[in-house]
Ligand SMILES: Cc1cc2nc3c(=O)[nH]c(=O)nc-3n(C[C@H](O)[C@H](O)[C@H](O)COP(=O)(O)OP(=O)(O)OC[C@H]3O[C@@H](n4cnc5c(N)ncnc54)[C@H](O)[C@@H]3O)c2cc1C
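Just one chain follows, in the form predicted alone, and it is written as C-alpha coordinates.
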Amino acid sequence: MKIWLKKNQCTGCGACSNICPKGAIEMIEDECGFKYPVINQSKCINCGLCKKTCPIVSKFESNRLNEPKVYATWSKDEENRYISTSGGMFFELAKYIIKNKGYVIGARYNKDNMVEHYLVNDLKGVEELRQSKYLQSDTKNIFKETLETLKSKKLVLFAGAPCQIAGLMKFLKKDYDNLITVEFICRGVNSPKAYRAWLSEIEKLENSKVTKVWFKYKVNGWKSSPRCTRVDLANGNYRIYNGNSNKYMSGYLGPNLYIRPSCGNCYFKNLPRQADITLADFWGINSNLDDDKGTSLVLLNSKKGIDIFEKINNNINYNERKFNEILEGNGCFNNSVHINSKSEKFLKSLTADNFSKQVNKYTKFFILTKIKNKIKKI
(Lines give C-alpha, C1' and ligand atoms only; values in the text may rest on other atoms or scores of the structure.)
Protein backbone atom coordinates (compact mmCIF):
# COMPACT_ATOMS: atom_id res chain seq x y z
CA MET A 1 0.00 0.00 0.00
CA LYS A 2 1.45 3.36 -1.01
CA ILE A 3 2.26 5.97 1.60
CA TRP A 4 1.31 9.66 1.57
CA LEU A 5 4.76 10.95 0.54
CA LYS A 6 6.76 10.87 -2.66
CA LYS A 7 10.16 9.19 -2.52
CA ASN A 8 11.96 12.50 -2.70
CA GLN A 9 10.12 13.64 0.45
CA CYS A 10 10.42 10.65 2.81
CA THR A 11 13.49 10.81 5.08
CA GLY A 12 13.17 7.21 6.30
CA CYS A 13 13.14 8.39 9.93
CA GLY A 14 10.88 5.48 10.96
CA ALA A 15 8.43 7.49 13.06
CA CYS A 16 5.44 6.03 11.19
CA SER A 17 6.69 2.47 11.69
CA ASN A 18 7.27 3.06 15.41
CA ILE A 19 3.82 4.61 16.01
CA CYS A 20 1.74 1.97 14.21
CA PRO A 21 -0.34 0.12 16.86
CA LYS A 22 -0.71 -2.98 14.69
CA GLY A 23 2.84 -3.30 13.36
CA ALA A 24 1.47 -2.82 9.85
CA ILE A 25 4.37 -0.66 8.63
CA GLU A 26 7.75 -2.13 7.76
CA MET A 27 10.78 -0.15 6.55
CA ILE A 28 11.87 -1.86 3.33
CA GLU A 29 15.03 -1.16 1.34
CA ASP A 30 14.51 -0.16 -2.31
CA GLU A 31 16.79 -0.78 -5.33
CA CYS A 32 18.98 2.17 -4.32
CA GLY A 33 19.49 0.95 -0.75
CA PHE A 34 17.24 3.45 1.05
CA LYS A 35 14.48 2.30 3.40
CA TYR A 36 10.90 3.44 2.92
CA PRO A 37 7.73 2.56 4.84
CA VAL A 38 5.56 -0.16 3.30
CA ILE A 39 2.06 -0.65 4.70
CA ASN A 40 0.59 -4.13 5.01
CA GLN A 41 -3.06 -3.56 4.08
CA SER A 42 -4.21 -6.74 5.86
CA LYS A 43 -2.95 -5.38 9.20
CA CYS A 44 -3.83 -1.71 8.70
CA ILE A 45 -6.86 -0.39 10.64
CA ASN A 46 -6.80 3.06 8.99
CA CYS A 47 -6.24 4.86 12.30
CA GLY A 48 -4.20 7.56 10.53
CA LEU A 49 -1.52 7.73 13.24
CA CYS A 50 1.27 7.14 10.73
CA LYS A 51 0.43 10.21 8.66
CA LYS A 52 -0.21 12.36 11.76
CA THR A 53 3.22 11.39 13.14
CA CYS A 54 5.13 12.09 9.92
CA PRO A 55 7.45 15.12 10.46
CA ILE A 56 7.13 16.06 6.78
CA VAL A 57 3.32 16.41 7.01
CA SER A 58 3.58 18.72 10.04
CA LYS A 59 6.47 19.82 12.22
CA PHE A 60 6.59 19.46 15.99
CA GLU A 61 6.08 22.86 17.60
CA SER A 62 9.06 23.24 19.91
CA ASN A 63 10.48 26.05 22.02
CA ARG A 64 13.82 26.18 20.16
CA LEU A 65 15.53 29.56 20.06
CA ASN A 66 15.58 31.68 16.91
CA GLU A 67 18.88 33.16 18.13
CA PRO A 68 20.91 30.28 19.62
CA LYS A 69 24.15 30.77 21.50
CA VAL A 70 27.17 29.83 19.36
CA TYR A 71 30.48 28.45 20.63
CA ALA A 72 33.75 27.08 19.30
CA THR A 73 34.73 24.25 21.64
CA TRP A 74 37.05 21.30 22.14
CA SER A 75 37.53 18.71 24.87
CA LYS A 76 40.38 19.10 27.36
CA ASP A 77 40.81 15.33 27.08
CA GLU A 78 43.33 15.02 24.22
CA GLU A 79 42.62 11.34 23.57
CA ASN A 80 38.87 11.99 23.32
CA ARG A 81 39.50 14.90 21.00
CA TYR A 82 41.71 12.85 18.66
CA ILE A 83 39.33 9.88 18.46
CA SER A 84 36.27 12.09 17.96
CA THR A 85 35.21 13.56 14.62
CA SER A 86 35.83 17.19 15.52
CA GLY A 87 36.39 18.54 19.05
CA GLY A 88 34.93 15.72 21.16
CA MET A 89 31.81 17.57 22.35
CA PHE A 90 29.40 14.65 21.92
CA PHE A 91 31.49 12.46 24.20
CA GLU A 92 31.65 15.17 26.89
CA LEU A 93 27.85 15.58 26.79
CA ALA A 94 27.34 11.80 26.90
CA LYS A 95 29.75 11.43 29.85
CA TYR A 96 27.63 13.84 31.87
CA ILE A 97 24.48 11.81 31.14
CA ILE A 98 26.15 8.51 32.12
CA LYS A 99 27.63 10.06 35.27
CA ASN A 100 24.08 10.98 36.29
CA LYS A 101 22.84 7.41 35.72
CA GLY A 102 21.14 8.30 32.46
CA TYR A 103 20.97 6.74 28.98
CA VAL A 104 22.51 7.79 25.67
CA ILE A 105 21.03 6.91 22.28
CA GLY A 106 22.94 7.33 19.04
CA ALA A 107 24.30 5.58 15.94
CA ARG A 108 26.77 2.69 16.22
CA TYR A 109 28.24 0.04 13.93
CA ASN A 110 26.75 -3.44 14.34
CA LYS A 111 28.62 -6.73 13.79
CA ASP A 112 28.16 -6.35 10.01
CA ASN A 113 29.61 -2.81 10.05
CA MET A 114 26.20 -1.35 9.19
CA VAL A 115 24.86 1.57 11.22
CA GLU A 116 21.91 1.41 13.61
CA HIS A 117 20.56 3.48 16.48
CA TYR A 118 21.20 1.97 19.88
CA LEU A 119 20.65 2.73 23.58
CA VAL A 120 23.55 2.52 26.07
CA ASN A 121 24.04 3.29 29.76
CA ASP A 122 27.82 3.09 30.25
CA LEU A 123 30.94 4.76 28.84
CA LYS A 124 32.01 1.68 26.90
CA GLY A 125 28.71 1.86 25.03
CA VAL A 126 29.13 5.59 24.44
CA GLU A 127 32.51 4.93 22.79
CA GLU A 128 30.66 2.91 20.13
CA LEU A 129 28.40 5.88 19.38
CA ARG A 130 31.30 8.29 18.85
CA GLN A 131 32.54 9.51 15.42
CA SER A 132 30.81 10.26 12.11
CA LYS A 133 29.24 7.44 10.13
CA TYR A 134 28.66 8.42 6.52
CA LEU A 135 25.56 6.38 5.78
CA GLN A 136 21.96 6.40 6.96
CA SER A 137 21.42 4.68 10.31
CA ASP A 138 18.57 2.23 10.83
CA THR A 139 16.35 3.57 13.63
CA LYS A 140 14.40 0.28 13.95
CA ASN A 141 12.24 0.54 17.13
CA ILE A 142 14.42 3.12 18.86
CA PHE A 143 11.63 5.71 19.25
CA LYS A 144 9.60 3.17 21.24
CA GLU A 145 12.64 2.36 23.38
CA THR A 146 13.25 6.06 23.95
CA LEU A 147 9.69 6.58 25.16
CA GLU A 148 9.87 3.67 27.59
CA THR A 149 13.18 4.96 28.96
CA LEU A 150 11.81 8.48 29.38
CA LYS A 151 8.86 7.09 31.36
CA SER A 152 11.36 5.69 33.88
CA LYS A 153 12.27 9.32 34.69
CA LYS A 154 15.90 8.68 33.76
CA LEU A 155 17.88 11.37 31.95
CA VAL A 156 18.09 10.56 28.22
CA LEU A 157 20.31 12.04 25.50
CA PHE A 158 19.19 11.24 21.94
CA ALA A 159 21.58 12.02 19.08
CA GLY A 160 20.74 11.85 15.38
CA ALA A 161 20.22 13.68 12.09
CA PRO A 162 17.80 16.64 12.17
CA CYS A 163 15.10 14.59 10.40
CA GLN A 164 15.48 11.81 12.99
CA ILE A 165 15.10 14.31 15.84
CA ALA A 166 12.01 15.72 14.10
CA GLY A 167 10.57 12.21 13.76
CA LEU A 168 11.28 11.43 17.42
CA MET A 169 9.56 14.60 18.65
CA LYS A 170 6.47 13.91 16.54
CA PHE A 171 6.39 10.36 17.87
CA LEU A 172 6.69 11.51 21.51
CA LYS A 173 4.10 14.28 21.02
CA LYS A 174 5.73 16.37 23.75
CA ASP A 175 9.14 17.59 24.87
CA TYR A 176 10.03 15.60 28.01
CA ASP A 177 11.95 17.46 30.73
CA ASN A 178 14.38 14.53 31.06
CA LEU A 179 15.15 14.42 27.31
CA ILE A 180 18.07 16.24 25.69
CA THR A 181 18.33 16.04 21.91
CA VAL A 182 21.51 16.50 19.89
CA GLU A 183 21.69 16.86 16.10
CA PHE A 184 24.47 17.55 13.61
CA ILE A 185 24.63 19.87 10.60
CA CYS A 186 23.84 17.33 7.91
CA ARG A 187 25.20 17.28 4.35
CA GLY A 188 22.94 14.37 3.44
CA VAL A 189 22.74 10.66 4.37
CA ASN A 190 24.31 8.05 2.10
CA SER A 191 22.90 4.79 0.79
CA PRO A 192 23.76 1.67 2.82
CA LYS A 193 23.88 -0.17 -0.53
CA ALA A 194 26.80 1.97 -1.72
CA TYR A 195 28.58 1.55 1.61
CA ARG A 196 28.13 -2.25 1.52
CA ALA A 197 29.50 -2.39 -2.03
CA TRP A 198 32.58 -0.39 -0.98
CA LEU A 199 33.27 -2.68 2.00
CA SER A 200 32.73 -5.80 -0.13
CA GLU A 201 35.28 -4.53 -2.64
CA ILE A 202 37.84 -3.97 0.13
CA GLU A 203 37.20 -7.41 1.69
CA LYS A 204 37.64 -9.13 -1.68
CA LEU A 205 40.85 -7.22 -2.41
CA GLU A 206 42.31 -7.84 1.07
CA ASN A 207 40.91 -11.36 1.44
CA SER A 208 39.83 -10.44 4.98
CA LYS A 209 36.68 -9.21 6.68
CA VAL A 210 36.42 -5.54 7.69
CA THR A 211 36.14 -5.23 11.48
CA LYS A 212 36.07 -1.44 11.92
CA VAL A 213 35.57 1.68 9.83
CA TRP A 214 36.98 4.98 11.07
CA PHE A 215 35.78 7.90 8.97
CA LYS A 216 37.56 11.26 9.34
CA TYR A 217 40.75 9.65 10.54
CA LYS A 218 42.94 12.44 11.91
CA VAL A 219 46.36 10.91 11.29
CA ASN A 220 47.19 13.84 8.97
CA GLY A 221 45.25 16.44 10.95
CA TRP A 222 41.64 17.54 11.33
CA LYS A 223 41.38 19.67 8.21
CA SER A 224 42.39 16.85 5.88
CA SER A 225 40.33 14.21 7.75
CA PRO A 226 37.10 14.36 5.66
CA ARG A 227 38.83 12.44 2.85
CA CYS A 228 40.83 10.15 5.14
CA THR A 229 39.32 6.83 6.28
CA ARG A 230 40.94 3.99 8.20
CA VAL A 231 39.63 0.45 7.75
CA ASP A 232 40.70 -2.32 10.16
CA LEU A 233 40.75 -5.94 9.01
CA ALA A 234 40.23 -9.29 10.75
CA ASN A 235 43.74 -10.42 9.76
CA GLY A 236 45.23 -7.73 12.02
CA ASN A 237 46.13 -5.30 9.26
CA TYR A 238 44.56 -1.95 8.52
CA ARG A 239 44.40 0.31 5.48
CA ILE A 240 44.23 4.09 5.26
CA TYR A 241 42.36 5.45 2.26
CA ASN A 242 43.18 9.09 1.64
CA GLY A 243 42.41 11.61 -1.10
CA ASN A 244 41.69 10.02 -4.48
CA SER A 245 42.28 6.51 -3.12
CA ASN A 246 39.28 6.99 -0.82
CA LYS A 247 36.65 6.03 -3.37
CA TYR A 248 33.73 6.11 -0.93
CA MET A 249 34.32 9.71 0.13
CA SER A 250 35.24 10.68 -3.44
CA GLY A 251 31.80 9.60 -4.57
CA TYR A 252 30.13 11.45 -1.69
CA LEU A 253 32.00 14.76 -1.38
CA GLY A 254 31.42 16.54 -4.67
CA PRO A 255 29.60 14.15 -7.04
CA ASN A 256 26.94 13.33 -4.38
CA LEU A 257 26.38 9.95 -5.96
CA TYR A 258 24.55 8.15 -3.17
CA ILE A 259 22.71 10.72 -1.07
CA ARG A 260 19.06 10.07 -0.15
CA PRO A 261 16.67 11.90 -2.55
CA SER A 262 14.88 13.78 0.27
CA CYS A 263 18.18 15.41 1.28
CA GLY A 264 18.02 17.46 -1.94
CA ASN A 265 15.11 19.41 -0.47
CA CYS A 266 15.60 19.10 3.29
CA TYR A 267 12.75 20.39 5.47
CA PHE A 268 14.99 20.81 8.50
CA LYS A 269 17.51 23.50 7.60
CA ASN A 270 18.13 26.93 9.09
CA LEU A 271 16.43 28.18 12.30
CA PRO A 272 14.88 27.25 14.63
CA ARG A 273 16.75 23.95 14.83
CA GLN A 274 15.17 20.59 15.68
CA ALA A 275 17.35 19.70 18.67
CA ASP A 276 18.38 21.27 21.98
CA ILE A 277 21.99 21.24 20.79
CA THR A 278 23.50 21.30 17.29
CA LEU A 279 27.04 20.00 16.72
CA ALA A 280 29.34 20.26 13.71
CA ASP A 281 32.92 20.87 12.65
CA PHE A 282 33.70 24.57 13.00
CA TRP A 283 35.20 24.90 9.53
CA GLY A 284 36.77 28.29 8.84
CA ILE A 285 37.21 29.14 12.51
CA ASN A 286 39.73 31.85 13.42
CA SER A 287 43.29 30.48 13.21
CA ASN A 288 44.01 31.14 16.90
CA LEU A 289 41.22 28.63 17.75
CA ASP A 290 42.38 26.04 15.22
CA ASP A 291 45.37 23.82 16.02
CA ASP A 292 44.25 21.23 13.43
CA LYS A 293 43.23 18.76 16.13
CA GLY A 294 39.48 19.38 15.78
CA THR A 295 37.21 22.25 16.80
CA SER A 296 33.50 21.69 17.43
CA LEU A 297 30.79 24.15 16.46
CA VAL A 298 28.10 24.16 19.17
CA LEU A 299 24.68 25.80 18.91
CA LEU A 300 22.64 25.92 22.10
CA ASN A 301 19.06 26.01 20.85
CA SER A 302 17.08 25.78 24.09
CA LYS A 303 17.26 26.37 27.83
CA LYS A 304 17.97 22.66 28.31
CA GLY A 305 20.88 22.92 25.90
CA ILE A 306 22.29 25.94 27.73
CA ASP A 307 21.89 24.24 31.13
CA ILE A 308 23.81 21.07 30.22
CA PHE A 309 26.53 23.09 28.48
CA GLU A 310 27.11 25.04 31.68
CA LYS A 311 27.38 21.77 33.62
CA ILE A 312 30.18 20.38 31.41
CA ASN A 313 32.14 23.53 30.63
CA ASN A 314 34.88 22.67 33.14
CA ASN A 315 35.79 19.76 30.86
CA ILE A 316 36.05 21.80 27.65
CA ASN A 317 37.71 24.84 26.16
CA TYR A 318 35.10 27.19 24.72
CA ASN A 319 34.87 30.55 23.03
CA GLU A 320 31.61 32.34 22.22
CA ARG A 321 31.32 33.28 18.55
CA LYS A 322 29.02 35.29 16.29
CA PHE A 323 26.24 33.50 14.43
CA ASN A 324 27.36 34.62 10.95
CA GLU A 325 30.62 32.65 11.35
CA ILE A 326 28.60 29.44 11.01
CA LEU A 327 27.58 30.10 7.43
CA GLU A 328 31.10 30.72 6.12
CA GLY A 329 32.24 27.13 6.64
CA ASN A 330 28.95 25.23 6.95
CA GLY A 331 26.88 25.92 3.85
CA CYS A 332 24.61 22.97 4.64
CA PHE A 333 23.38 24.76 7.76
CA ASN A 334 20.75 26.49 5.63
CA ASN A 335 21.14 24.94 2.16
CA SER A 336 20.22 21.48 0.91
CA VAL A 337 22.79 19.46 -1.00
CA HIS A 338 22.39 19.05 -4.77
CA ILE A 339 21.53 15.45 -5.67
CA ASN A 340 23.44 14.15 -8.69
CA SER A 341 21.05 13.64 -11.62
CA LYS A 342 22.71 10.27 -12.30
CA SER A 343 22.51 9.09 -8.68
CA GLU A 344 19.61 6.67 -9.17
CA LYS A 345 21.22 5.15 -12.27
CA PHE A 346 24.50 4.76 -10.41
CA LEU A 347 22.92 3.03 -7.42
CA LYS A 348 20.79 0.66 -9.49
CA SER A 349 23.80 -0.43 -11.54
CA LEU A 350 26.00 -0.93 -8.46
CA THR A 351 27.17 -4.41 -7.48
CA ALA A 352 29.64 -5.76 -4.92
CA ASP A 353 32.26 -6.09 -7.68
CA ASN A 354 32.18 -2.73 -9.45
CA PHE A 355 32.18 0.02 -6.80
CA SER A 356 35.45 1.84 -7.67
CA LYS A 357 34.91 1.37 -11.39
CA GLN A 358 31.43 2.93 -11.18
CA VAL A 359 32.59 5.80 -8.93
CA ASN A 360 35.37 6.63 -11.40
CA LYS A 361 32.96 6.51 -14.30
CA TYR A 362 30.31 8.73 -12.75
CA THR A 363 32.85 11.12 -11.23
CA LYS A 364 34.13 11.78 -14.77
CA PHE A 365 30.55 12.62 -15.82
CA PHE A 366 30.36 15.00 -12.85
CA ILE A 367 33.63 16.77 -13.71
CA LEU A 368 32.72 17.09 -17.40
CA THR A 369 29.31 18.53 -16.46
CA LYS A 370 30.99 21.11 -14.18
CA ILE A 371 33.36 22.11 -16.99
CA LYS A 372 30.51 22.42 -19.52
CA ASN A 373 28.45 24.53 -17.09
CA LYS A 374 31.43 26.81 -16.46
CA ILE A 375 32.00 27.28 -20.20
CA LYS A 376 28.30 28.10 -20.67
CA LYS A 377 28.48 30.64 -17.85
CA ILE A 378 31.53 32.33 -19.41
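Every value quoted in this text rests on a predicted model; they were computed, and no experiment measured them. The numbering used is simple: start at 1 and walk along the sequence shown.
A second form of this protein, the form predicted in complex with this ligand, is not displayed here; the remarks below concern that form.
Enquirer: Just to confirm the contact call: exactly one of 284-292, 204-212, 167-175, 79-87 touches this ligand in the predicted bound form at a 4.5 Å heavy atom cutoff, so which is it?
Expert: Among the listed stretches, the partner-contacting one is 79-87.
Enquirer: Hey, in the predicted bound form, is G188 touching this ligand, heavy atoms inside 4.5 Å?
Expert: It does: once this ligand is placed as it appears in the predicted bound form, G188 has a heavy atom within 4.5 Å of it.
Enquirer: Given that the partner is absent here, does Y252 sit within 4.5 Å of this ligand in the predicted bound form, heavy atoms only?
Expert: Yes - in the predicted bound form, heavy atoms of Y252 and this ligand come within 4.5 Å of each other.
Enquirer: Do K223 and this ligand come within 4.5 Å of each other in the predicted bound form, heavy atoms counted?
Expert: Taking the distances in the predicted bound form, the answer for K223 is no, it never comes within 4.5 Å of this ligand.
Enquirer: Answer yes if any heavy atom of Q274 is within 4.5 Å of a heavy atom of this ligand in the predicted bound form; otherwise answer no.
Expert: Looking in the predicted bound form, residue contacts with this ligand do not include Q274, since no heavy atom lies within 4.5 Å.
Enquirer: In the predicted bound form, which of the listed residues (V156, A159, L299, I308) lies with a heavy atom within 4.5 Å of this ligand?
Expert: Only one listed residue qualifies here, and that residue is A159.
Enquirer: Counting non-hydrogen atoms within 4.5 angstroms of this ligand in the predicted bound form, say which of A72, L279, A197, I98 makes the cut.
Expert: Filtering the options by heavy-atom distance leaves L279.
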